[in-house]
Ligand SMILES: C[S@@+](CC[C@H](N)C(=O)[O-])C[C@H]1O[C@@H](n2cnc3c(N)ncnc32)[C@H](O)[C@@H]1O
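The form predicted on its own is given below as one chain in structure tokens.
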């Protein structure tokens, strides 16, 4: 009976309180749901993003949206970027990412839809995070204002039924200039380097 009561409370907690996105992600990181991202099958996907950053934005100023526990930054050498700002909605993830902060590396808990970063970036990376907003066109147009004149987006997305729709929306406001596809036992990932179509 006690086990049943606990399960009912947990279901209520998930269904009611966790409707708040930040609370949901904090809960998932706290209970270890995303530990699997540290496993070896994920390395190819992260290395692909790191490789594209080195190729197209060497020693640049980088903003990573959906940084989690700093897994991408850990795969780069200090000389691969001039400055790094990692942002995630989960305070739990950001607390863990702080272990990798330094003089030119900062981590911040914030919502990508309301974030107002300082200055311009040479690359803005959406690490498996662009799914989390209802309007990707609006989001990318907003973040175009935070790119330097030659700045680029790097977006990584897992292939799914909705994947073609996501890329169709993204390509409405960007042009793909490079891409890498990786696979693991969980699926296929496409990572693209994108030049924004500026309207101003």
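Numbering follows the first chain given and starts at 1. Since this is a predicted model, take the numbers as computed values, not measurements.
Missing here is the form predicted together with the ligand; even so, the following discussion is about that form.
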query: Contact flag, residue 132 vs the ligand in the model of the complex, heavy atom cut 4.5 Å; finding: yes
query: 4.5 Å heavy atom contact, residue 127 and the ligand in the model of the complex; finding: yes
query: Residue 68 within 4.5 Å of the ligand in the model of the complex, heavy atoms; finding: yes
query: Exercise: residue 105 in contact with the ligand in the model of the complex, heavy atom 4.5 Å; finding: no
query: Contacts with the ligand in the model of the complex, stretch 89-125 (heavy atom within 4.5 Å); finding: 89, 90, 110, 111, 112
